[in-house]
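Below, in structure tokens: the form predicted on its own, a single chain.
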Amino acid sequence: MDFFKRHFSVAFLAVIGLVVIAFIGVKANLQLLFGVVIPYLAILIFIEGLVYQIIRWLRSPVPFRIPTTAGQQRSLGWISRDLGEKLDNPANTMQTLGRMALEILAFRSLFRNLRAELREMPETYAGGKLVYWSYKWLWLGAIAFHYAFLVVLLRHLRFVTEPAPAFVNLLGEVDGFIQFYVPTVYLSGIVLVVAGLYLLLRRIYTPTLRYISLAADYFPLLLIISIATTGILMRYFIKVDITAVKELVIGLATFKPKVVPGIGVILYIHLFLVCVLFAYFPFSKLMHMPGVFLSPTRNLPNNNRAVMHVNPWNYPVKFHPYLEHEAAYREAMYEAGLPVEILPESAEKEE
């Protein structure tokens, strides 16, 4: 428990510290720093870090086909495979693309996640029985979190473009179709917070997850929840000048930055947290987003039976036949009592 408290406290205090830094900075009239300099610096770090990590991954050699598969691999012609097995164990590029699409868009491997638990059954099993069952809550929380995050990002394009693209307006109408509050409540923001809290609480209250969790696991979740929370506060409770916000963001996007008066502190806190997330992204576990496209365990067909793969690292090696090996160690082998094809000279003299 002390291990958990230490790592969770570090992440929690880090997020609180970021909020305090932005608050104090704006109160000290550093709007230029938090509204212009830090956003540009964060985007620069994000792009350079992302490119660096992708290039580093692309340069990593993959000498063999190492896809993680399940189901029947393509074999003899009379052994049939259904569609599920083709997607589980792809044999060509099209099947691999189908597998990747399901993995990226539907989290298929997480959907098939199983949970294991040792249950006490003294009447039938001494010491308990290990039971497996389907566990879909993690899949539901993860897919809700990611899709809500995606919708929120796309909706924010209306602050960058003038006029906003048609699909952004349509997305906003669909996202806010339930009107029980003024202004319109966007479900994606609520789902993002709820799903983020579920993933955080699951990590805290599951003993095995809590044991392996570090500050780097808690920090991004707390940061994203804080970003969503400040966004909700701005929209429904602490009003800000939307026209001024859009003028600030468009100025950043068109490289004509300027400090717009009349923007509340909450907007700068929200923007600062977003900048920290962008700068932190390339150096964190959040890189699983582009990493899934480059993972050799996912993006390679499993055709090891059909195609011979030669390790490109192999260099010419001089192989020694057995007789050459015996000639080098014949005396020692004979003295140790090992059988030899040709007797050494000392043995012939003894005879």
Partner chain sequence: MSKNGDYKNEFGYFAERPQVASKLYDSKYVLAGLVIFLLVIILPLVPNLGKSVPAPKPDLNTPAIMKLPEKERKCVMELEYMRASHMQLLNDWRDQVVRDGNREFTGAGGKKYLISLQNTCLECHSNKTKFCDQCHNYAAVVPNCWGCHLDREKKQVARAEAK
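Residue numbers count along the first chain shown, from 1. Remember, it's a predicted structure, so these values are computed and weren't measured experimentally.
As for the form predicted together with the partner chain, it is not shown, yet the points below apply to it.
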{"query": "Location of the partner chain contact in the predicted complex, chosen stretch of 46-54, 26-34, 302-310, 66-74 [non-hydrogen atom, 4.5 Å]", "finding": "46-54"}
{"query": "4.5 Å heavy atom contact with the partner chain in the predicted complex for all of Gly17, Asn89 and Leu271", "finding": "no"}
{"query": "The partner chain contact in the predicted complex: Val160, any heavy atom under 4.5 Å", "finding": "yes"}
{"query": "In the predicted complex, Arg59 touching the partner chain (heavy atom, 4.5 Å)", "finding": "yes"}
{"query": "Heavy atom of Leu323 within 4.5 Å of the partner chain in the predicted complex", "finding": "no"}
{"query": "4.5 Å heavy atom contact, Thr208 and the partner chain in the predicted complex", "finding": "no"}
{"query": "Sole residue of His146, Arg115, Lys246, Arg202 within 4.5 Å of the partner chain in the predicted complex, by heavy atom", "finding": "Lys246"}
{"query": "Among the candidates Leu110, Ala164, Leu97, Ile232, the residue which, in the predicted complex, approaches the partner chain to within 4.5 Å (heavy atoms)", "finding": "Ala164"}
{"query": "Residues within 4.5 Å of the partner chain in the predicted complex, restricted to 223-237 and counted by heavy atom", "finding": "Tyr236"}
